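One chain follows as structure tokens, the form predicted alone.
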């Protein structure tokens, strides 16, 4: 009954932590493609091929459902995977839709036509590849009309977080927020469109100001996944053990992950 959780690096651990707390009896297999991180500066073909390879590895662990806990992969690869690659007995889900449903105050799975919503000016902070894909704007257009989205590619933030350099990460966050606010001085809401960014949520909030509502993904994805599996229990796979897999150095990644989640995490070589 295992579910796979994939990220290019450590950011998806924020999602894993939330889904594990929401569904404590479900085993989760986490795959971090640390050897090829960050994805945010790669081409869409690169991201597609790496994401497919990781997904197949999670299928081998008995995970029929895989969560792309990576906004870059969700933006650059998910639609192509679902349309051209995915077999009918498997599912791959991304992390954008639960966020957009929360932003637009729509219930899980509400497929009614797009409508006007309260929030009209939205700041999107994401990796360069996610911003370039315009996937967030495309998904938002299915659900809402009249929303102005200003996207800021946040180069360097993921690298700084993965390297444990919190001071540099905070400085970069402030710089990126200042850059966005020159184009959109008064956003009503901000989307943290990368699963690494919740670790910098306070820095984003401080730079944006208390009047801006900051949306982060982990808990929203956890609720959406629980709802999905309640409706589609056939996609609970055959795997029975939780584990952590990495394409990087397991000792190094384990050390960083333990700092990341502030609990002992032990990775195995993928």
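Positions refer to the first chain, counted from 1. All of these numbers come straight from a predicted model, not from anything done at the bench.
FYI, the form predicted together with a small molecule isn't displayed, but the following is about it.
- Residue 190 falls outside the set of residues with a heavy atom inside 4.5 Å of the small molecule in the predicted bound form.
- Proximity of residue 38 to the small molecule in the predicted bound form: non-hydrogen atoms within 4.5 Å are present.
- Although the partner is absent here, residue 194 sits close enough that one of its heavy atoms falls within 4.5 Å of the small molecule in the predicted bound form.
- Heavy atoms of residue 76 never reach within 4.5 Å of the small molecule in the predicted bound form, leaving it off the interface.
- 158 is the sole member of 103, 151, 144, 158 with a non-hydrogen atom lying within 4.5 angstroms of the small molecule in the predicted bound form.
- Remark: of stretches 202-210, 38-46, 234-242, 58-66, the one touching the small molecule in the predicted bound form is 38-46 (heavy atom within 4.5 Å).
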